[in-house]
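Okay, so we've got a single protein chain in two different forms coming up as structure tokens, structure 1 first and structure 2 after it.
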Structure 1
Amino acid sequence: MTALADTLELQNISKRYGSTVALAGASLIARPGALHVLLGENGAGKTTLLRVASGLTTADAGSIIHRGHAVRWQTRAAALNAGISIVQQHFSLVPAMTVAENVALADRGMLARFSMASAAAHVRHLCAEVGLDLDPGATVGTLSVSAQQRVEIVKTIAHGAPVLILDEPTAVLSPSEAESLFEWLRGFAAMGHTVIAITHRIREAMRFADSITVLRGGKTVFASDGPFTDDRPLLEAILGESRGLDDRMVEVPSTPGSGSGRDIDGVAVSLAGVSVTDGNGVPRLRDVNCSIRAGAIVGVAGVEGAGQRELLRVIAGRLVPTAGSVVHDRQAGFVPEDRQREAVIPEFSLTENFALRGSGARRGLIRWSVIASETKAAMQRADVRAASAESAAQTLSGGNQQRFVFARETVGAPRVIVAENPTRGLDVRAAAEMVRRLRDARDAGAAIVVYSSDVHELVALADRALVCFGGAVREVAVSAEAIGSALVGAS
């Protein structure tokens, strides 16, 4: 394999969407045999740059150099045929099909001679290689967000393309899954392949990357080979040196909430004998009894399928339990981890999406002028970066979509706020801001219920901790050790 074999270079790439400048002369070079990481704030242009590289988007200006030659992908298929594959941030799966069938769709050879048994065996082999756990026979539409992310990764790997691009592949993976994936990516690169990955986890980048590029405002502001032992140059590049580094860490030191020692307003949500059985007759929650008090952040932990997804939706009033009772004193704000499926309609404008708040309980005519004003005010408060309130939700970066959903769901200071992996897809500054907003809402008297797949993030944030295991829910001490033991059923 020559040095140019799978080198991918993007030179002075520019891209506009109407009045929004997504890229303004961004450049990147990724060589075979190396794991390249792309960093930057939400809206910096990272996803757009990789969409250009993989043929999903056409640049307005600039050049793509692949294998030493200038190319211009007319279609996604053209880039794939040239050996460039991408794991997108937003999933492109067929919900009604199984995991094995979705993976087979990505492998033309498997599809031409499809056998469910062979496809399932192939999925198990790929999962073992990457260190990810999937049931080949599971219907994708029934899977959690993290499981669907694993399907996307395995599906893309099945292409066998020598250039692999991943847009925030670890955003909803547990720390152990993220580590396994990055170890596999390093091995894949060591075989002479080219890997480019976006992440917002700076320590993840420093640990695994051979080279790092940082975008800010659509431009390349940092590009260097490793090793990386000091995060300050990266943080200065991401945030801008003149803006300071006060928000440099997502792991904001834990501060005790008012609910940890003082009762502001009593119980906000009460669950008594709550059980949930899914459409296949499988029990997901079993006889749950708990109370969520005002003025506290309750952290929820659980391995996949342990019942935490159902617990959050019962507390938020989005799921009616099969048995038992739930008492709310008013509607809850709910921020799900799957923005595309549960929080926004991508093709709708931000104003139209804002009008979805409380849609299950609202009646009467919509006063669009009022909704538009409320949307603009919420966007300003949450620093949602979009051309206008009439922009389609799908034109925003994932992080800006997350900020928009949080702003919408917390309008009017709801008594209860339920957030599922709330820092998913957020850059270091935005994640720290999200943590502060959750704490501010707690200190103002709201009951906050937060699920995070990262136990250490949960410990830094929570005043109380609930752990789901096998459909049962129990409270444990707020420590990594106590939560970790409960996650595997240890007493």
Structure 2
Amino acid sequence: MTALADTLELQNISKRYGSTVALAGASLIARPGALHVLLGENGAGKTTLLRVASGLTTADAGSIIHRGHAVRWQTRAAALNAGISIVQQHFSLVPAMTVAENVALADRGMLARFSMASAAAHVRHLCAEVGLDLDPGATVGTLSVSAQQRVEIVKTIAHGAPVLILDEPTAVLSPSEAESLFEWLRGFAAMGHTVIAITHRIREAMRFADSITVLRGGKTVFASDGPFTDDRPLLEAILGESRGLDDRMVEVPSTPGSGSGRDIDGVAVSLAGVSVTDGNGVPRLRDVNCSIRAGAIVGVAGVEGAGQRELLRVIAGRLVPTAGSVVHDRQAGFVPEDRQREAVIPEFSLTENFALRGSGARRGLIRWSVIASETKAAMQRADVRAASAESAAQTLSGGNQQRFVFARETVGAPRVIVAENPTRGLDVRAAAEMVRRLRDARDAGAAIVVYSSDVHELVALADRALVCFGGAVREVAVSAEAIGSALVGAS
């Protein structure tokens, strides 16, 4: 078998979800014996590309060449038969079962006979073969996140597929755990396997990858074999050309000024020694200290799992930290990213959804006629298009829902407004309008905290920038380069 014959090649893959273009001609070449790393911003199309490769979704256009043949698989099982397996970002483990049982569960022979001893021996053998440290008899629920991830990996490689794909395996790991995972991945690749991993950690990628591919806007913009010594070309590929960045920055010279000119003295939010540990005991924020003044837009950046989700919720008063103290506005407005889940109740009417804000503190009776007229007024103000205030929230388009949520969360001019990816899913015009509304609220004296996964948007919008990395929060200059390198932990 020649190396070429075993190569997995994705050529000009395109994929749309509704009106959203996820991939627009992305390519990737992966050969056995090498660790391939896929880099790119959130939304660059990395996950979609690997979902196409592993049969979790099908491409609209483009071709997959595997072992010299053009293939096209519809299901994960078909891809697996052809020797391609994937470890997805979210674990699918049964916490109450042992490691061996979880691995046995992944076996496709439903009627195969199961014996505890042979399952444990199988796992022990697999682990020894590939050099992973796992106790087959341990209950999965009691394991650390990194050990659970090893279970997920063993489960996947138990199928014996020569191609192993991992979707952001380092998102849940601490820096040292991430390093040892990469070390293991490289060793696993050296045994003759093809390994493709998505990551946000540029330094680990440079250190361990045999080849790096960068996606931006659904296209492959960089592909090269190592060694990698300079992070500049990579950052440029991830964030776009630096020339373009400068232009964008010039567009907005006046905004920081106009905000600070009206600077209202008074700190709207302050966090002292704030730490958050999630339900699984994973630390999400570590000892965060910051204060946010009224009349400014603070941009928050962070790759997935870096702590920005928790930071925003602490600031908005939606999450009580495990340690530390917070001074915040009880009336803080909060526009979460996942509208359908966190901001509205889809089957409730708009009036009911409007009443939702502050309902935790409401007493006595609800006067629906009053709330209905408030809802209508807010809808008019924010140009929400709906049949009536009694329409169910789920009948509105995404853009109208977002305008509705924003209008509701800014009723009564709260001192603090927290918005998470407020322009996601909006078209260009609606996104521009959202940005204008955020600026208006800032100019009216509110403290605005905005998270965006688009660094350019942050740079255009923010007066200050906070970057989350591994649960720590750091203030950096408001420039794409400064934010970009802080995102991946470079100093």
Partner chain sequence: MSSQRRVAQLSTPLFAVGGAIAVAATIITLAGLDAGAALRAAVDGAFGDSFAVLSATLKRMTPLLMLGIAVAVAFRAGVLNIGAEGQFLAGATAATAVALRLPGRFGPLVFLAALAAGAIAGAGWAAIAAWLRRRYLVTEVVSTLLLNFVALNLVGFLIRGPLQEPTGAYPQSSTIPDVGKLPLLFAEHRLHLGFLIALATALGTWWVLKFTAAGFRLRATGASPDAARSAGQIPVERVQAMALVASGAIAGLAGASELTGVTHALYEGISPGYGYTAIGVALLGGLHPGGIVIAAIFFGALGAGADAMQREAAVPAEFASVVAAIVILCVLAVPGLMARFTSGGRAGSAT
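In this text, the rigid core denotes the largest set of C-alpha atoms whose superposition between the two forms falls within 1.5 Å. Along the sequence of structure 1, residues get numbers from 1 upward. These numbers were taken from a predicted model, which means no experiment stands behind them.
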{"property": "Number assigned to the form predicted in complex with its partner chain in this pair", "result": "2"}
{"property": "Displaced residue check between structure 1 and structure 2: residue 60, CA, 2 Å or over, core reference", "result": "yes"}
{"property": "Residue 13 C-alpha moves between structure 1 and structure 2 by 2 Å or more, core aligned", "result": "yes"}
{"property": "Residue 318 C-alpha moves between structure 1 and structure 2 by 2 Å or more, core aligned", "result": "no"}
{"property": "Angstrom displacement of the CA atom of residue 70 between structure 1 and structure 2, core fixed", "result": "30.7"}
